[in-house]
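The chain below stands alone and is given as structure tokens, in the form predicted alone.
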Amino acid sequence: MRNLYKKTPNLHCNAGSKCSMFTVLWCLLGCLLLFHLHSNIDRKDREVEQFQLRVSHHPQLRELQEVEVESIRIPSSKGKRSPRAAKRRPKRTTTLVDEFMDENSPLRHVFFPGRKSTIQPMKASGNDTYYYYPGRIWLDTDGNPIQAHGGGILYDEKSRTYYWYGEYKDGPTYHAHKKGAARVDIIGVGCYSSKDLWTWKHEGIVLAAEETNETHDLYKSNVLERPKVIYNDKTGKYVMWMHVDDANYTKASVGVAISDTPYGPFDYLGSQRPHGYESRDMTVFQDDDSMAYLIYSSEDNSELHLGPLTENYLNVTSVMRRILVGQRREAPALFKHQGTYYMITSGCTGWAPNAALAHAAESIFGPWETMGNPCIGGNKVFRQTTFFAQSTFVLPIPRFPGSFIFMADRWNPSDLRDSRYVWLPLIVAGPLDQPLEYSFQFPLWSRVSIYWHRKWKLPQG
């Protein structure tokens, strides 16, 4: 018994040593796996940083970030002025905004260049360089002015084609009553297609006005604004959301239409007040997880409301968040970069231009933080008026992360069909950029910048 007792500790010791060695081996293996994982993550981070460095130092991208200055002299007050402009102008210093809103201003050609300054469509060629000229008349491939106001662009993966949708305003401008806003009758939603974001073919009016039924949402004397189209890969349908209203802007609703193809025709399904609230300027945003959201100005334009759409994109869910409460913002244009949501908005001043604001959030539901005016270049008045335009959409520039096209409308309230397009480069700086400074409880957002250019081109490659 004693001998057995003496041997037992050795047996226990050997078993314990084996267990200890087994534990050490597993610990070493775990450390190696963690080291390998960390190395891969660190390597990927370095690759992303090096790629961002290469992109940020790309000569064509640096060209987009060059600051251009404008110098415009206000002419003397002599000469013909429109009656409406005279009423708007009390005894004070005339401003560039006054000149912009005056259809008889001697500076009219500066804001709305004549037909001699049109952008002519050209046959695509590998050696051609296409320039954007903000404010000029843009022609389609048939030589007609493009009518796609307040709209947005859908990239169709199946056909590898861009589709630009917007308000087709090719009708006379009038006022429904003396105090009513300038307007045109509904003609419909225009659609244009392009392979290169420069040469645009008119695909027709893909959602037309109702000519005879006065009770229809799209009856010609009503309002159809800001159409946006997204594709639902589960249903195979192209879904259009839009602001629908009556001539006095009291209906304040959203309408929905669907199509089997991006070039229509779209079938109108009806309208609603989302979540039971009035809705005016609006947009839809499709996230990279295929979730889609409706964002609209509500509560007499004092705040924005945001909520997810149903799985088929044809309705809103019961979830809704109030954002930018009390800030009186409209014309939202959302986009996403490196997991952060960004938004450009406009103030509420009717057809008159005002300063844009950029906002950012880690979650689309907020909290949304305002980062200030993103406009760079031109002059002080250009920056305070979003280059005399209003936001409508932000489109990523292919193969250049952090680079986007800021799409805006330069409204011409005296002749709305002659409203112009202002497309400019928008850059979201990456980690290498000096971020904006906030108090410690908020993230350090990267700066959003929209650069003014008299002409510019997309980076190649």
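Heads up: residue numbers just count along the shown sequence, starting at 1. Just so it is clear, the structure is predicted and the values come from calculations on it, not from any experiment.
There is another form of this protein, the form predicted in complex with beta-D-galactopyranose (GAL), and it is not shown here; the text below is about that form.
Practice problem: Among 151-159, 218-226, 102-110, 371-379, mark the stretch whose residues have heavy atoms within 4.5 Å of beta-D-galactopyranose (GAL) in the model of the complex. | Solution: Selected range: 218-226.
Practice problem: Look at the candidate spot formed by Glu330, Trp351 and Gln390 and say whether beta-D-galactopyranose (GAL) comes within 4.5 Å of a heavy atom in all three of them in the model of the complex. | Solution: Heavy-atom distance to beta-D-galactopyranose (GAL) in the model of the complex: all three under 4.5 Å.
Practice problem: Considering only heavy atoms, tell me if Ala181 and beta-D-galactopyranose (GAL) come within 4.5 Å of each other in the model of the complex. | Solution: Contact with beta-D-galactopyranose (GAL), yes.
Practice problem: Determine whether any heavy atom of Tyr131 comes within 4.5 Å of a heavy atom of beta-D-galactopyranose (GAL) in the model of the complex, and answer yes or no. | Solution: Answer no; every heavy atom of Tyr131 is more than 4.5 Å from beta-D-galactopyranose (GAL) in the model of the complex.
Exercise. May I ask you to state whether Tyr249 is within 4.5 Å of beta-D-galactopyranose (GAL) in the model of the complex, using heavy atom distances?
Key: Yes, Tyr249 is a contact residue.
Self-check item: Residues of 252-283 having any heavy atom within 4.5 Å of beta-D-galactopyranose (GAL) in the model of the complex, listed in sequence order
Solution: Going through 252-283 in order - heavy atoms within 4.5 Å of beta-D-galactopyranose (GAL) in the model of the complex - there is one hit, Asp281.
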